[in-house]
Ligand code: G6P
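The chain below stands alone, shown as structure tokens; this is the form predicted alone.
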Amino acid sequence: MERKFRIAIAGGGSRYTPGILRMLVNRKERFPISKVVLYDNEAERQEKVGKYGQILMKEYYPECEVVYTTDAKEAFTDIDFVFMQIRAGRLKMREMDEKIAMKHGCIGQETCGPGGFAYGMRSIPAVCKIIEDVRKYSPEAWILNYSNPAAIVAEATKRVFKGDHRIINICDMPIGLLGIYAYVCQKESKQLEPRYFGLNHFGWFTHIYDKKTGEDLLPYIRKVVSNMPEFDGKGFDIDKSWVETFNFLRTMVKDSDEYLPNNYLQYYLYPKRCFSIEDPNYTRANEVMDGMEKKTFEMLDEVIEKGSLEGTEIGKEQITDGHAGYIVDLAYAIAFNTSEKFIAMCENHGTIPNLPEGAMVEVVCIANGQGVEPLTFGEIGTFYKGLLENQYAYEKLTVDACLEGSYHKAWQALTLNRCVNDMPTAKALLDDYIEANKDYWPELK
């Protein structure tokens, strides 16, 4: 008898949840499910996503039940997989993070710089509370975490839930970049096999192999990307800030002597440039709220009003979603022990020998019924080692500060951050963030 899985989505009211639901429909022959439970602490927002999900499944996957709830016991009892994508404080707090940073002359991106610090301090308690609830009601469930800032969350969950190999922290940004490189090579992503190392949002591709021929396409990709024409974003549903990011990738690749950098490195390696093009009154959070966030919920309202996807804007879309595909495919690989390769975060136990033992590195892993097992990467060069050790020290101190309630370690963490690098500025940032986050952070002493 075919096994059908039960999925819970923590952060059920997220604008990303409709995409995950569509991807579950897209993969229904490959990864059969019997139930999806949406869990969120904002009932009204989640209700819209839940009603959309029920309509979607009724039309495309009638054998799958969709439930939405704010009760942890109902959400997580007898669940096989939890897809976690929460945003503590939602976009209004992200806006605060970004604008406080800019007030002090620093770039305040969502996961990088002081913005990432503030968000991480909110995320750790929220993520850990959900994992505690999952473990209470479904001790053996797999928890696939997308919640940002993923590097800080991974470091925290490693400590709080020591030895729990069923918690896997992932990010789809490397795979998003791989899709761009596949386009450059006129191939599909599944035809390429990358080699990658770093920390989350802080890494590099070292090789990109053609699975069929074994050829390393990275030198060719570097040449093409370094000379690609200006991208105007026309014909693509993409925000202005991402158009700017993809165009700047050309400069980053030119400046890199051998590898292909993750685009998030722009905030750490070019902070002055990033700060100079930001609008302190209209940040990325504002762009998302006025753009994709608003558009998503307007489409949900349209579907709910009609009671069908037929004839709606969202109904015209293919039943697929790139962001969601990664998490669903990883669940499939674990459920069916396929030993496929994924880029994921795992503890460093010799994977990169000259980085700290236990650091949560992001590398290529084998995904199977035991979880994710990293491929040995080897030692890295001095430049990369120095950058990664500095970044990991910042991440460790951020987690220390949150778990210990330490003001001084929070101050030290911000001082170490490459987007700050100044102790008085770090203190001023910290004091402002404490005031803004008094409903989210633990008390710092």
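Don't overthink the numbering: it's just position in the shown sequence, from 1. All values reported here derive from a predicted model rather than from experimental measurement.
Absent from the display: the form predicted together with 6-O-phosphono-alpha-D-glucopyranose (G6P). The rest refers to it.
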Touches 6-O-phosphono-alpha-D-glucopyranose (G6P) in the predicted complex: F83 (any heavy atom, 4.5 Å): no
Close approach of Y264 to 6-O-phosphono-alpha-D-glucopyranose (G6P) in the predicted complex, 4.5 Å, heavy atom: yes
6-O-phosphono-alpha-D-glucopyranose (G6P) contact at L355 in the predicted complex, heavy atom, 4.5 Å: no
R15, heavy atom within 4.5 angstroms of 6-O-phosphono-alpha-D-glucopyranose (G6P) in the predicted complex: yes
Candidate spot N148, H201 and W242, all three touching 6-O-phosphono-alpha-D-glucopyranose (G6P) in the predicted complex (heavy atom, 4.5 Å): yes
Option from 367-375, 281-289, 160-168, 300-308 whose residues, in the predicted complex, bring a heavy atom within 4.5 Å of 6-O-phosphono-alpha-D-glucopyranose (G6P): 281-289
Heavy atom within 4.5 Å of 6-O-phosphono-alpha-D-glucopyranose (G6P) in the predicted complex - the one residue of I180, I238, A72, M173 that qualifies: M173
Residues of 348-378 having any heavy atom within 4.5 Å of 6-O-phosphono-alpha-D-glucopyranose (G6P) in the predicted complex, listed in sequence order: none
